[in-house]
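Taking the form predicted alone, here's one chain by itself in structure tokens.
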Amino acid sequence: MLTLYNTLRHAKENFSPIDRNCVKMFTCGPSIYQPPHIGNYRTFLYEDILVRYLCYCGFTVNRAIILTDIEDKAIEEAKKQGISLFELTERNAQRFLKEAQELAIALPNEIARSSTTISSAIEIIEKLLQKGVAYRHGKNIYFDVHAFPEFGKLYRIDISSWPRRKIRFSRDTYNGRRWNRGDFILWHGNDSNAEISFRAPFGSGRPAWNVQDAAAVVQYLGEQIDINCGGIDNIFRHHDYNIAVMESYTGKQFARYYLHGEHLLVNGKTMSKSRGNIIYPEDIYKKGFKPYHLRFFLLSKHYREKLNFSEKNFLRTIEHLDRVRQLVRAIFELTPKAHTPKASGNAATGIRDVFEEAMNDDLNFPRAFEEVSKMLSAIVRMKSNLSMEELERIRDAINAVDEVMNVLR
């Protein structure tokens, strides 16, 4: 049985969706005020592995992902570059879609954007106002954290220690891993002649980042989901805000499982503009490496562990991948002799068994890859004893596990 580390419980739990056959899953997409870097893609890749493995296990996956194309940072960046908000975000959206395809990241056919879920955001805010969980201050609308008794349950905040006086935080996002000990914004009110403005019963403006994910979930998945995924930074403020908004809006549990991926470091340090160490996929490809090299490297450490990118580490990792890919090529080029014995099926079964055992343990991709690699080495050594029937089973098993891994062929 598949077990996943649930941040909400701080423990591994057996996975059991609300609907036994269909998994509803929401993943935070990129904020497209800038192009995604390889650290962002590390998050998108562990989510891709999760989607693919759920399908491998026989589930249907109904997934939504959102591109954040309306927020403070995007508006500020567009002004800085002297272009329209749409021009900025569309350019980065197309880059993301192209790079995701190159990295074999499976995405939903229809991808939500902040700008395409406005009506859902307005509907949610209206209901929160009616329930008294949200309130107006000037032209803006805020979420009253003290009106939601379970606020901070993901991070395990003791809300009783927070100030009772009104403190309002009015930006979409804040840097760092500190908590804004007060109310968070849901709606940026503005004048009707503002550059980014949408009409709503409670006044013109734009939805804040803190309600945009909820709007996408309601519009594409409904009121409840099974899994909410993101990077570890989402544990700070963002996912607890999502819980507060969704559970206040619906009166139901929002998600059953929360998964969070750790940071990618570069030479032991976090990526930042100030350090000048941000790496984009194209930086890797310009050096002659392939997208499958980058995909494998970003998956080469368990998603809940930090991964350090250095030239030495990257080269060592992809050299290992290339050796394993040679084993796979050798297996697909084998031609058994006519006198080979009848197939036992043990090798093909073994590939699936070791793969599933590792993946069922909280998506342990690195261990799954190593165990499958050992099986492939053993198969190449015993090539003279393989019948055509067994060889076909082995190839089918390799193809099956590579539907999840997407690095072997």
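Quick caveat, the model's predicted, so the values are computed rather than measured. Throughout, we count residues from 1 along the sequence that is shown.
Omitted from view is the form predicted together with adenosine monophosphate (AMP), to which the following refers.
Does the 4.5 Å heavy atom contact test between Met271 and adenosine monophosphate (AMP) in the predicted complex come out positive?
-> Flag for Met271 set to yes.
With the cut-off set at 4.5 Å between non-hydrogen atoms, does Ile185 touch adenosine monophosphate (AMP) in the predicted complex?
-> Residue-level check for Ile185: no, no contact with adenosine monophosphate (AMP).
Just to confirm, Glu262 within 4.5 Å of adenosine monophosphate (AMP) in the predicted complex by heavy atoms?
-> Yes - in the predicted complex, heavy atoms of Glu262 and adenosine monophosphate (AMP) come within 4.5 Å of each other.
Should Asn360 be classed as touching adenosine monophosphate (AMP) in the predicted complex when contacts are defined as heavy atoms within 4.5 Å?
-> Taking the distances in the predicted complex, the answer for Asn360 is no, it never comes within 4.5 Å of adenosine monophosphate (AMP).
Adenosine monophosphate (AMP): the contacting residue among Pro336, Gly203, Pro291, Gly231 in the predicted complex [heavy atom, 4.5 Å] = It is Gly231 that has a heavy atom within 4.5 Å of the partner.
Work out which of Ser373, Asn364, Asn62, Asn40 lies within 4.5 Å of adenosine monophosphate (AMP) in the predicted complex, going by heavy atoms.
-> The residue in contact is Asn40.
Among 375-383, 31-39, 346-354, 51-59, which stretch has residues with heavy atoms no more than 4.5 Å from adenosine monophosphate (AMP) in the predicted complex?
-> Stretch 31-39 is the one.
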